[in-house]
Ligand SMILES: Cc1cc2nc3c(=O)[nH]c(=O)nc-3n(C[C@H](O)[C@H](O)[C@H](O)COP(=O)(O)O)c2cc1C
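Quick heads-up: it's one chain on its own, the form predicted alone, in structure tokens.
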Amino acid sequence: MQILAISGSLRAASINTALLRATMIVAPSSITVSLYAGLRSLPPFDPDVEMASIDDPSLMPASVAAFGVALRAADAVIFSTPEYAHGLPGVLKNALDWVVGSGEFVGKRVAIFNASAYGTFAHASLLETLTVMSARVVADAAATCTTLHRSMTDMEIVADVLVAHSLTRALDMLAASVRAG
């Protein structure tokens, strides 16, 4: 099973990205978790470009096309994102805007991870956006890790037995949802 992990943070030392890397480490051998690293390369969403590329796919920016390919290849997607000014980081919202009309999230199983006890506004916004896009958010596959510290590495997260168990359980629930159809 292929799962695409998307962090809403561009920070090199992001706890959200570290949480997703930890998820890659604890994943059972039947699940491959890949971290999407292309948010920075996506241009600002442009509906004129999106519309023009329907008739001429060569007009779609290569980074946007690659994002769509990565989403279509995934059986499920995991998001972990910080909150900025009570909302999603612009770079994550921009990425989602590029695929609203193309349908990559229709029926796609999605889990939302939270690297802190905060971020409820961002997660509510992400949930709303994914719902509008017809994604199937798997509530049982959510993971909220309130014990994490901003400077933790993926290996430090994995060493926390409770967090590692929470991540493994979330992966199991997400995989079960995908298998159930």
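Numbers follow the displayed sequence, beginning with 1. Keep in mind that what you see is a predicted model, and the values were worked out from it rather than measured.
As for the form predicted together with this ligand, it is not shown, yet the points below apply to it.
Q: Thinking of Arg40, Asn94 and Asp97 as one candidate spot, does this ligand come within 4.5 Å of a heavy atom in every one of them in the predicted complex?
A: No, the candidate spot makes no contact with this ligand.
Q: Just one of 169 to 177, 21 to 29, 154 to 162, 7 to 15 has residues with a heavy atom within 4.5 Å of this ligand in the predicted complex, so point it out.
A: Only one stretch qualifies here: 7 to 15.
Q: Contact with this ligand in the predicted complex for Ala85, defined as at least one heavy atom pair within 4.5 Å: yes or no?
A: Answer yes; at least one heavy atom of Ala85 falls within 4.5 Å of this ligand in the predicted complex.
Q: Given a 4.5 Å distance limit between heavy atoms, list every residue of 117 to 140 close to this ligand in the predicted complex, or none if there are none.
A: Contacts from 117 to 140: Tyr118, Gly119.
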